[in-house]
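First, one chain by itself in structure tokens, the form predicted on its own.
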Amino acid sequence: MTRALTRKGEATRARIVAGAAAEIRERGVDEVRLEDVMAHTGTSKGQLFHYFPDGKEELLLAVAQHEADQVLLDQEPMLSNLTSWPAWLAWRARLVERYRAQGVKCPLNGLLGQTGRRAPGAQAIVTGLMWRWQNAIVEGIRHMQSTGDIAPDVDADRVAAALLAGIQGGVLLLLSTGKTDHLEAALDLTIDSLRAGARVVGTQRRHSDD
């Protein structure tokens, strides 16, 4: 059961998590000890174990959640504003820029590997991230359908799922090759397909009116 924290307690916990994330990003999860986090954040051992009674494993899960949240924050405000084709292209550019800057070192991937991907806590973090990400894309598609910019017969949930799968595949290949080509292809082909579908519907409607 999660303990309720005061506002000051929440701020201290968040500071520890952010400090641990910074250490892990700089040195790698295998090299970071609790003592390093304590030194970075200016906290005592007692304070650290007050907020993370189970020690390093609990802290790593908290950092993994922090990094998962950051994946979505790095795409804002574009991800929450997929309301026009320029907005979709701006989101596409932001996403590619984010992963190009990240390169072959993925903090979240390293953290989940360390904590065990099959552990319930790790699975919950990944599931939550993917659900929030896919839902944002679904909302963008449905908005574009409401304005006639995406064909009404498009299954928003399935297209969003396929696009997210393509993004994840592109990121996985980036980690192996150091290139964003596959990520860009997945984004471009899906966006182009959605735009082309709307143009076809528009052409059919014009012909039917003649």
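The first residue of the sequence shown is number 1, and the count goes up from there. Here the structure is a predicted model, which is why all the values come from computation and not from measurement.
Not pictured, yet referred to below: the form predicted in complex with the DNA.
- Checking 161-169, 48-56, 62-70, 176-184 against the DNA in the predicted complex, the stretch whose residues place heavy atoms within 4.5 Å of it is 48-56.
- Using a 4.5 angstroms threshold between heavy atoms, residue 145 stays clear of the DNA in the predicted complex.
- Although the partner is absent here, residue 12 sits close enough that one of its heavy atoms falls within 4.5 Å of the DNA in the predicted complex.
- Looking at residue 153, you'd find every heavy atom of it more than 4.5 angstroms from the DNA in the predicted complex.
- In the predicted complex, the DNA lies within 4.5 Å of some heavy atom of residue 34.
- Note: the CA-CA distance for residue 131 and residue 10 expands in the predicted complex relative to this form, by 3 angstroms or more.
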